[in-house]
Structure formats: C-alpha cells, structure tokens
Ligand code: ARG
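There is one chain below, alone, in structure tokens, taken in the form predicted alone.
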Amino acid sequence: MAKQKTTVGIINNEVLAFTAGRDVELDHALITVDCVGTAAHVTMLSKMPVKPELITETDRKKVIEGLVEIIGLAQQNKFKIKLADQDVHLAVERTLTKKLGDLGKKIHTCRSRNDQVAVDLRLYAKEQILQTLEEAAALADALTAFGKKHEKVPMVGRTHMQPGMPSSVGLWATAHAESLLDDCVSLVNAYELNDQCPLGSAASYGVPLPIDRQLTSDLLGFSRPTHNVLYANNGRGKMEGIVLSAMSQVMLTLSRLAQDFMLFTMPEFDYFKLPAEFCTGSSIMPQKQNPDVCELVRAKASRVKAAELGVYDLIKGSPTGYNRDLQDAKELFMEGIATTRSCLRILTPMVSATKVNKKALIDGFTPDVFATDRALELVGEGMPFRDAYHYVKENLHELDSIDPTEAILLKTHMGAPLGLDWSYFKERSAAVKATVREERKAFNKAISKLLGVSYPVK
C-alpha cells in the first residue's frame, strides 16, 4: 500500500487519512490561536536560562514575523493544512521550517502536540464563550424589551398546560430573559475554569529543561497556568465538557422558549404572530407558515446535549495520560458551540419582530382562572385559606365579571406581573457585556504585545 512521508515519520496513506480524521478541515478554525500559542512558546524559549541560547532575540522576532504572516494568510483563507501535516500544528511548523530553515525546526522544543491542541482549544474557547455571552445578552435584552412593551397585557398562566392564574406577557417574556441571564453565569464560570494555560506540560510529564510556564501563561493572557502538568493534559475533554454543559443550559432555555412560541402561535391560541420571514412554507399546502426556526432550535438543543454527553463518553474510561480518543472530542466541541451561537443569533431578531394579539390573550381567560386570586382576597378579609379555597371552588359563578387587565394590576410584589424590576434585567445584561469587554480588552492587549502588531490582526 502507498505510503507518505510526514514530519513525524512515514505513514501508510490509509492510516494517515484515518488518523487525521477531520482535523485537516476543523483545524482551520485554530490556525490563529496555534500561531499565538507558538509565539508565546518561542518567546519563553528565548528567555530560558541555558547556554548556548536555544532561541536568540533575533530568532524570536523572525519566528513571530513568520507567525503573523501565517495569521494573515489564514484570514484570507490562503493557509493550507495538508493531509501529510495531519493537523494545524505540523502545518505551522512545516511552513516556518520552509521559511526559516533550521530555526523552524526548533519551535517544537519542550512541547508536544498534546499540549499544543490543549492550549489551542482553550484559546479558541475563550473567544467563543465571550461571543456566546454577547449573543445571550442580546437575546435577553430582546426578551426584556418585548416584555416591557407588553407589560400590562394579560396572559393566562398555566400549570400542567391547563389554565391556572392571571399572568402577563411581560412576566412570560422576562422569565425566559432571567433564565438566559442565569445561563450567562454558567458561561462565565466555564470561562473562568477554561482560563488556565496548559502549555508546557509537553507529553503530560514535563521536560528536563527550565521552561517558565508562568511566563507562557502571562504572555497568552491567561489568568493562571494549570499547575500539575499531567492534569494539564488530563483536562482535555473535561474542559470541553464543562463548556458544552454551559452551552447545553443555554439551549435548554432556548428550547423551552421555542416550544412556547410554537404553542402560543397555534390558531387555537393565536397569542403571538411570528414574523413571516422567520417561517417557511409547505411544498403542497399554499397557506402554511411553519415555525421551522423554533422546531429546529428545539432539535438542536438535543444535539448540543448529545455533544456534551459524547465528550463525556469519550473520556470517562480513558486512563491517565493522552489517548487518541480525544481527537474526536474536537468536532463535538466546535459543533456544540457553533450550534448554540447560531440559535441565539436567529432567535434575537425573531423575538423583536413577533407581534402580540392582545384580544386573543384576553379572550383566553375563563372565570376559573381568577379562582386562586379570589380565594386570597377572601383571606385578606379574614377568612382562613382552606375555607376560602372551598368557598370559591363551590361558587365559581361569582368570578364571571372579573377583568383580566384589572386582575394583573393587583400583583405588584417583587417579580410579579406588575412588580417586575426592569432595571434588574438591564443591569444584569450590562454586567455580562462589561465582563466581555474587559476580558477581551485584556486578552487583545496581551496578544498585541506578544506579536508586536495590533490584535486581532487585520
């Protein structure tokens, strides 16, 4: 069978294709971060206290110039990762070696592809989580604005899908907004756990040269390095799972929101009208406007959770140290993040353009919806609750004349239909956006200093 020469040996062509898998394709998303990680590693090597110098300052500048050039090519989709490279790491090394000769052969000193991919994925995750936070805050803002606009529009509150108590559109919309804002807390927690630099673990066991892992971490804008070099590698898969767990919580919120939209836009309810441009038609039924976006969001929630569980299953039985099974976690990781972000982006404008049918919402009230409120009014007049409960149950006809709009005006305590604190939602969303700005500013500053050019590279 045909064989091919690669940087790490001669490999059978079929084995090469099988083991490379989708890395040649997926790793295009990691070209920039791989170059950034290499820049930090080479800078650290140039400062390592050994004689003779492993990398001189002049050498360092040449390597970084070459890396910046690769980043520029990547942004133009002109940097190629060949099958013989197997992945982005060896593609970058091959390119630098072709340009710089023996100097390019030195850049892999004191590191393994294992810790290269670990740092690449953490750098990738940092920006992906920040972008997800921005998009989640944007949808929370859209839901809050929707709720505030329709704050006093009554809506039947349901339990077991049956009419329960008077509620409002404002309460319904901001319930989903607050859920998203809590999801942002999970995303920030995932961001903080991810914000550790694994570079320098090599093949998981360290190296016999005096590398400075703290310096590398600082150069890359991480909050800290992982301490134990074996855990730095064992953290692969685990970290992806933590990030995907946070993403799956976002998708849980989005799936329930989508399900509500599908229910409440049914003709039998007709509470809301989705914008036509967010619906699709039927190939046979001319009148149809289908809520396909909502249905797909619901389906994609399962896919993101499946990605999380897929990574978990890949690593739960793995022995300590690197195992190639981890390679298959990359696709699940990237797909789970991309899916979550696409759902956030599609729902935000849909929510903003959705129309409310106030008449249908009011018409949805039947007298029994006011039963609990009436029982509590009797309690306020001195009747024991259980007596009030039975009295109302036996005299539901007395509720016929209650106005839904007037009913929700009585609910003014914190978090109730007319007790919603709009500044609460605004401030929480603003805090998320401030976190994103601060983290991105600090990271971009660190990488700009490392590369000697403004980052992100234009």
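Keep in mind that this is a model prediction, so the values were computed, not measured. Residue indices: 1-based, along the sequence shown.
What follows is about the form predicted together with this ligand, which we do not show.
Residues with any non-hydrogen atom within 4.5 angstroms of this ligand in the predicted bound form fall in just one of 325-333, 146-154, 282-290, 176-184: 325-333. Here is the short version: of Leu361, Ala140, Ala258, Val117, the single residue with a heavy atom within 4.5 Å of this ligand in the predicted bound form is Val117. This ligand is not shown here, and in the predicted bound form it never comes within 4.5 Å of any heavy atom of Arg298.
Using a 4.5 angstroms threshold between heavy atoms, Glu308 stays clear of this ligand in the predicted bound form. Although the partner is absent from this view, Glu439 stays clear of this ligand in the predicted bound form, with no non-hydrogen atom inside 4.5 angstroms.
In the predicted bound form, at least one heavy atom of Arg113 sits within 4.5 Å of a heavy atom of this ligand. In sequence order, Asp87, His89 are the residues of 81-97 having a heavy atom within 4.5 Å of this ligand in the predicted bound form; the partner itself is omitted from this view.
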